[in-house]
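In the block that follows, a single chain appears as structure tokens, in the form predicted on its own.
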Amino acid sequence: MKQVTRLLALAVVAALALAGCSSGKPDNADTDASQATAGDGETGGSRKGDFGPPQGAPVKAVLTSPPQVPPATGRTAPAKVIVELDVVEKEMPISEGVTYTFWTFGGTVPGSFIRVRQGDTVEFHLRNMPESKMPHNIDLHGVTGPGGGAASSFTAPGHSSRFTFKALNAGLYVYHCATAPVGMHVANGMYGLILIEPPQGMPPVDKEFYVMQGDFYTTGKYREKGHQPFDMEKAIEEHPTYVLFNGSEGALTGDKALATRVGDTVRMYVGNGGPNLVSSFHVIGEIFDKVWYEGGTKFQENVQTTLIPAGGAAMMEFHMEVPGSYVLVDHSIFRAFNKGALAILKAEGADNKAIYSGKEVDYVYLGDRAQPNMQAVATAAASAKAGDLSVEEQINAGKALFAGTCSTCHQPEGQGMEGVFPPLAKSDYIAGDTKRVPTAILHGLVGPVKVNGKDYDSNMPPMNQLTDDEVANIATYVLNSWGNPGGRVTKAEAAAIRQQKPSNASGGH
């Protein structure tokens, strides 16, 4: 009886094996070379990632600044790859008229993109510039070994360190500084991405881009002008002033937007430096055909929004079907529109009305970021700091800010929407008291009003997230545009109006 049972079991196993082979491919075989795996669908991890000693002459890694990505390695055998990365502490803009002292890898936030191949032996050189004030090191999440290289790379200003590691696991990995206090070093911009290609390489695409999110903590409020120091208390409490792509507000908008064409297949390498927030990464108007979730070797298809943890990454591909402006956001949406976490990808090419009938207007989503640049705001901030801000400079800055704050409701030329939003152009309501403009910006407006002989009874929410100089500049622009009476609102006047809440102030929608 035992022998019969054993024979029956063997027969069942054989039948199942034949059934699995008869279709010609497994059910999940509709993939490409990037998801091809050994055995039962597993790569084998680090145990199977050592492809032997380096072959040929050493290779110096090509490092690129964001949003650029180095070319594919193009190699079929492991090599010795030399990576040389500099630590640079430098003051850079974090928003228009706002500067911050960043600590960087390679002089940019995020740091230089590193690209190697699985099985490579990487000789890593870290130099800390003599001008630096702090020691730094590097922890690469793609390194197998205690500290990810951090213990081997502690580098004082004016010194350099070297260590070597074997790239055993394919994937997209974050690197960051791990010198104490670690959170402060990361919050100051010390992070980047290293791509370890699988042995067969990544599938070819038309465009590759490097984008990384980070949360920043300044002593001043959002867009408060001048130099802003790091605020440790805000960082500990996880209350960021800014949430940004590629280290500054507007880094990937206007004339710095990512550029592609209809028909292109786009791959994005997206990381999240943190130090605190998880990113809900989304591209408005696109669906990710593939997402290599958590930067690993397997992909999910047809994804709308993907979670990227602090210290994590993801790769996503999509095909450009129609032209237009595609807005990248953290879909924790107040971060996008009130802390800076948005960017734009512009696709040029012919319309395809069968897929999409029209094109979104940039300013509906991007507001002031739809402009080619925000130099007028920076100019006004510099003049205000020097004490010689002119009305013309206020008007120019206010025009740029108006586009992002007010134009969606009141329209780009101040014409308003009849019966819904009162006009600002040739407004007798404004002419009757010019202080109504900054008051309405700061406190909103609720209840019936009559403008140019017509009745309105809508609810304008307060825009009190704006700084006093931004309120003054927008108000000055409105007063001097579209046939309005002219005049000027100063930063001091805006500050005083902020403290005087009128009876018809709005509590918001």
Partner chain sequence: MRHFAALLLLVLPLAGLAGDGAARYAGLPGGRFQSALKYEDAKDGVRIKPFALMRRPVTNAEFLDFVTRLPQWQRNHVAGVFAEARYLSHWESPTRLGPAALPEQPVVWVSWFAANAYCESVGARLPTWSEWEYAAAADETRKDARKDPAWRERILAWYSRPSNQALPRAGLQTANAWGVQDLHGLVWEWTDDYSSLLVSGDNRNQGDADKAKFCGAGALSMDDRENYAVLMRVAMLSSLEGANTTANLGFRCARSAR
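Residue numbers count along the first chain shown, from 1. Just so you know, these numbers come straight off a predicted model, no measurement behind them.
Below, we turn to the form predicted together with the partner chain, even though it does not appear here.
Proximity to the partner chain in the predicted bound form, taken as a non-hydrogen atom within 4.5 angstroms, holds for one residue of Gly349, Gly296, Pro135, Gly254, which is Pro135. When the partner chain is considered in the predicted bound form, only one residue from Leu126, Val81, Val243, Ala178 comes within 4.5 Å through any heavy atom, namely Ala178.
In the predicted bound form, the partner chain stays beyond 4.5 Å of every heavy atom belonging to Glu286. Among residues of the shown chain, Thr408 is not one whose heavy atoms approach the partner chain to within 4.5 Å in the predicted bound form. Shown alone here, Thr219 lies within 4.5 Å of the partner chain in the predicted bound form, counting heavy atoms only.
Among heavy atoms of Asp139, some come within 4.5 Å of the partner chain in the predicted bound form.
Candidate site formed by Glu393, Lys435 and Ala496: none of these residues places a non-hydrogen atom within 4.5 angstroms of the partner chain in the predicted bound form.
You can rule out all but one of 318-326, 196-204, 87-95, 256-264: in the predicted bound form, only 87-95 has residues with a heavy atom within 4.5 Å of the partner chain. Taking a 4.5 Å heavy atom cutoff to the partner chain in the predicted bound form, the contacting residues in 90-129 are Lys90, Thr101, Trp103.
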